[in-house]
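Here we start with a single chain on its own, the form predicted on its own, put down as structure tokens.
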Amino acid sequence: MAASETAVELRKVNHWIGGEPVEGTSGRYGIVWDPATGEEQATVAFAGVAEVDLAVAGAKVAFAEWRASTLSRRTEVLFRFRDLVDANRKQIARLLTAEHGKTLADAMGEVARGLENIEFACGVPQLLKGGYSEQASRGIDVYQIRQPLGVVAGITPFNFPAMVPMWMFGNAIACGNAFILKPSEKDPSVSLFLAELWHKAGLPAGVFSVVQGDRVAVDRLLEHPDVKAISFVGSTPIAKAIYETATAKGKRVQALGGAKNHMLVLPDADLNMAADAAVSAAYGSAGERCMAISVVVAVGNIADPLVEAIRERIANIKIGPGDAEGSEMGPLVTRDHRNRVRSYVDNAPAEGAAIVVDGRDHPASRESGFFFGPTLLDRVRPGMRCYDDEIFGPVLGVVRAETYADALRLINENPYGNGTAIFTRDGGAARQFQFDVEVGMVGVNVPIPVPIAYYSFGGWKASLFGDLHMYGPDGVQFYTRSKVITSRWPDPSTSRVDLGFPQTR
């Protein structure tokens, strides 16, 4: 988008290349909105091919030195970066609130969960230990080491502009790679703040770069021969396209797609706990979470009282600007996104769903910002747009099922397999559900089962394209490749020609 005359006077968000801020040269810019007021607050430079190439070239040079650095040196930098993030939690949170719209409390939670991944990466010497087998054959030892890939890139979404990059770059940099971040153009400022913290931590110039932009920047990263791996989080159609394009170019790829997370509530569940969890998981961050609960599957006679309990709790949610005292739910990220969310509610009655709480009527929805009230739909079914699509907003649908078997079949037949939860007091039922359900992350009386940093994050089916999940042990494996060495130091006098296939002896 070309910058308008009004936008020229706004704050400018640029790139970070070669260890310093770099102004955009492509002549293309986008608008960064203030979600709470609906006003323009900044322009963000959109990188062209030349700017991406400049970042990759610098990263390639920096990689050669960084991969040769000692594990102790890398760990020192990681620990200093960890301490700087910790010391600047509030500043990072304020940037998130200003551009994304989430409440300060929610933003602080995002920073905390991202920081967990940096702390995990600080243990890189332990994580990169290989294996050694002495005397695998007579006089022969075999051992395995893990080495970095080179220049790697992360393409991250608008909903977690601090946490998701930390999911990626902590392990990538700790393992000895050079990392290029292409953040969302909707809330790009935190990426530059993190770049400054890396610089202060002593990371060599070029090991971490930021290229702002749109599809032009993404396409160039996907096709550039010196970019060895791509990490992506976003919608399923884009994740699939990125996976197919990048793998065709010989790159390693992990692409996390969309979700339709179900929360199964059995008749024996504690009603109040289930209702609290449903409201918290559906409307936190205005529903703009890939792990948000967007469907409650109520089994048997618990459906009516559960819908009523959720409705009562929705009435008490405090909506307002993310930095306003007492706000529990802020606005959506852009006007276009709010309008898209509204279209699902507009269409729901014609498809047969009942609107129990209508977010379109909420006073906040009529303000100048991108607010949309929490919405509750009942009697939702597969085949309705409000069920089939990932709405990514504060819209919770209730599906009614007669039996556990019916509910399980509904969840397993859904094309997404990101996260799910079961609420019950029956340990046997919970154990059976975790065994039966075809979903990558499962919560038992936990509505948002995001794994802690020393496990790995990722779904099944159309929620993940690639073989490895993100961060944790899978993240270390993704950003390294193994090398196996077979070593022998024989007496030269025993050397002879042997055309037979090598055997252990």
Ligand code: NAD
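All residue numbers are counted from 1 along the displayed sequence. Remember, predicted model here, so these are calculated numbers, not experimental data.
This protein has a second form, the form predicted together with nicotinamide-adenine-dinucleotide (NAD), left out of what is shown; the following refers to that one.
Annotated contacts: I155, F158 and G213 all touch nicotinamide-adenine-dinucleotide (NAD) in the model of the complex [non-hydrogen atom within 4.5 angstroms]. This chain is displayed without nicotinamide-adenine-dinucleotide (NAD), yet in the model of the complex the stretch 178-186 from 101-109, 366-374, 178-186, 393-401 comes within 4.5 Å of it by heavy atoms. Contact annotation: of the candidates Y283, F81, F232, F169, the single residue with a non-hydrogen atom within 4.5 angstroms of nicotinamide-adenine-dinucleotide (NAD) in the model of the complex is F232. G258 is the sole member of G150, G258, G320, P267 with a non-hydrogen atom lying within 4.5 angstroms of nicotinamide-adenine-dinucleotide (NAD) in the model of the complex.
Using a 4.5 angstroms limit between non-hydrogen atoms, I238 touches nicotinamide-adenine-dinucleotide (NAD) in the model of the complex. A residue is said to contact a partner when one of its heavy atoms sits within 4.5 Å of a partner heavy atom; Y479 fails this definition for nicotinamide-adenine-dinucleotide (NAD) in the model of the complex, lying far away. nicotinamide-adenine-dinucleotide (NAD) in the model of the complex is approached by N418, whose closest heavy atom lies within 4.5 angstroms of it. Among heavy atoms of C290, some come within 4.5 Å of nicotinamide-adenine-dinucleotide (NAD) in the model of the complex. Residues are counted as partner-facing when one of their heavy atoms sits within 4.5 Å of nicotinamide-adenine-dinucleotide (NAD) in the model of the complex; in 441-463 these are F457, S463, in sequence order.
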